[in-house]
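Taking the form predicted on its own, here's one chain by itself in structure tokens.
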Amino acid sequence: MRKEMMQELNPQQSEMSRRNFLKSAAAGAAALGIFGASSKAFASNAAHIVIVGGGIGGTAAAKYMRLLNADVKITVIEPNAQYIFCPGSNEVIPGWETLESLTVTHTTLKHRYGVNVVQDHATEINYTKKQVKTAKGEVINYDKLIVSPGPTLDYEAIDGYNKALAESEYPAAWHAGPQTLKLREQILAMKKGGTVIISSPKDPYRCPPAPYERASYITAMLKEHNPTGKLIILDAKDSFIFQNVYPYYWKTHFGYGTDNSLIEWVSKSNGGEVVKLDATNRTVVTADGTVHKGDVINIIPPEKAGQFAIKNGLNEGDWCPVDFRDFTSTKFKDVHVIGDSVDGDPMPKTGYIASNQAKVVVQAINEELHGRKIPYPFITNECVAMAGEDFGMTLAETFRYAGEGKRLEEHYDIPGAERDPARSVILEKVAKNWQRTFRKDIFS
């Protein structure tokens, strides 16, 4: 049975031709009008788009698929009734934001856009029969499958660390939720003159500036509540995004680079890569053997593709390879992979990128349904981050299709804070408004 579930289609024997797909899956129902009809309103021969994962990428795919095509059937398989938005969740730690305000549901997706949301875990894909099985035993047929499961946090990559420790005394807080609150509580309760350690992972991981944004926020907390305390960033990398911006802020506000600095950054080359946690003695060990003791230890683990994608063979190594023309899996037909699980370098792993990958995919599916040529993708990334309540930064990136079998071409710009400090005050407002607008765009 397992062999059958994992069988890859032979392109010359089992692959359904484009013409047959169009004939069997083209939309056959009347237009929905104001996208409010239930799934029962669709004709039996309407194409069925199934989406695994109801986070940013999956929800964006469902919403924009409906906006493009009123006739197709859309099903999202997602185990959680609520989703806590990760962009902006670092602000919960200093108390500038709440988890409640970051929590969204799929109510609008169901009632306004006529999407069937199955609250369950997707478990297996039968690529031959084009079916997805859920934990409760439901079998869902698809014409096109979009897989957006998010990443797997690889806790065990750090010796001595595991998920149970992350949920108790050593929160990773890399999925917004109880661990975020736990980390806040630990920092506020830390003894005077104590040390906070943040372990930043190797690339790639979701939201590249987030560890340094978090470090800034926590150091601001120390400056206010525990001015003899210190924060150390132990990094598995030799550089990080916005490295021309954060140190400027740290020097101005925390004495970065001086003997009395509240914050320190240790690069990989200088012994910053954490390889082991000693939970009993509250220490971490770096690759060069250096032992660091922390009163609060925040290990952000490295990542790999979501377990659902790995279990179903969509990965090669840690990530899932795709054709960048339409993000179809290079291993299985009629399956698209988007979001954090994609082997997408040079694209970063951000919610905004996931939402734009979703738009590329649903446009490609819609064009195919109508017998039109799939366009070449052009993807943008607007990355915002903050160092404090009055200091923001932005990054603008574009990614162009470079040809079959090639990576996307990247172009970007990161303005330096030292060139225009006043601009950073404005960008803080931009960052906050961007987060609110982005949440509204995806979930309403």
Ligand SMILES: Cc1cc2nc3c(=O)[nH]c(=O)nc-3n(C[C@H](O)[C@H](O)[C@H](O)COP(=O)(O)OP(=O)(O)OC[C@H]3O[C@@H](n4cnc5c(N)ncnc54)[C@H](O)[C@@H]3O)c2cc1C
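Note that the coordinates shown come from a computational prediction; the quantities given were computed from them, not determined experimentally. Residue positions are given as counts along the sequence shown, with the first one as 1.
One more form of this protein should be noted, the form predicted in complex with the named molecule, which is absent from this view; the next part is about it.
So in the model of the complex, are Ser89, Phe308 and Tyr352 all sitting within 4.5 Å of the named molecule, heavy atoms only?
Yes, each of Ser89, Phe308 and Tyr352 comes within 4.5 Å of the named molecule in the model of the complex.
Of the listed stretches (255-263, 121-129, 241-249, 227-235), which one has a non-hydrogen atom within 4.5 Å of the named molecule in the model of the complex?
Only one stretch passes the 4.5 Å heavy-atom test: 121-129.
Contact residue in the model of the complex, from Met65, Ala47, Val384, Val50 (heavy atom within 4.5 Å of the named molecule)
Only one listed residue qualifies here, and that residue is Val384.
Could you work out which of Cys207, Ile365, Leu277, Val296 is the residue within 4.5 angstroms of the named molecule in the model of the complex, going by heavy atoms?
Going through each option in turn, the one that passes is Cys207.
Just checking whether Gly55 would be counted as a contact of the named molecule in the model of the complex - the rule being heavy atoms within 4.5 angstroms.
Contact check for Gly55: yes, within 4.5 Å of the named molecule in the model of the complex.
Touches the named molecule in the model of the complex: Gly150 (any heavy atom, 4.5 Å)
The answer is yes: Gly150 has a heavy atom within 4.5 Å of the named molecule.
Does Arg214 reach the named molecule in the model of the complex, with heavy atoms at most 4.5 Å apart?
Yes, Arg214 lies within 4.5 Å of the named molecule in the model of the complex.
Answer with yes or no whether Ala166 is in contact with the named molecule in the model of the complex, where contact means some heavy atom within 4.5 Å.
Contact check for Ala166: no, nothing within 4.5 Å of the named molecule in the model of the complex.
Within 66-82, the residues that have a heavy atom no more than 4.5 Å from the named molecule in the model of the complex
Result: Ile77, Glu78, Pro79, Asn80.
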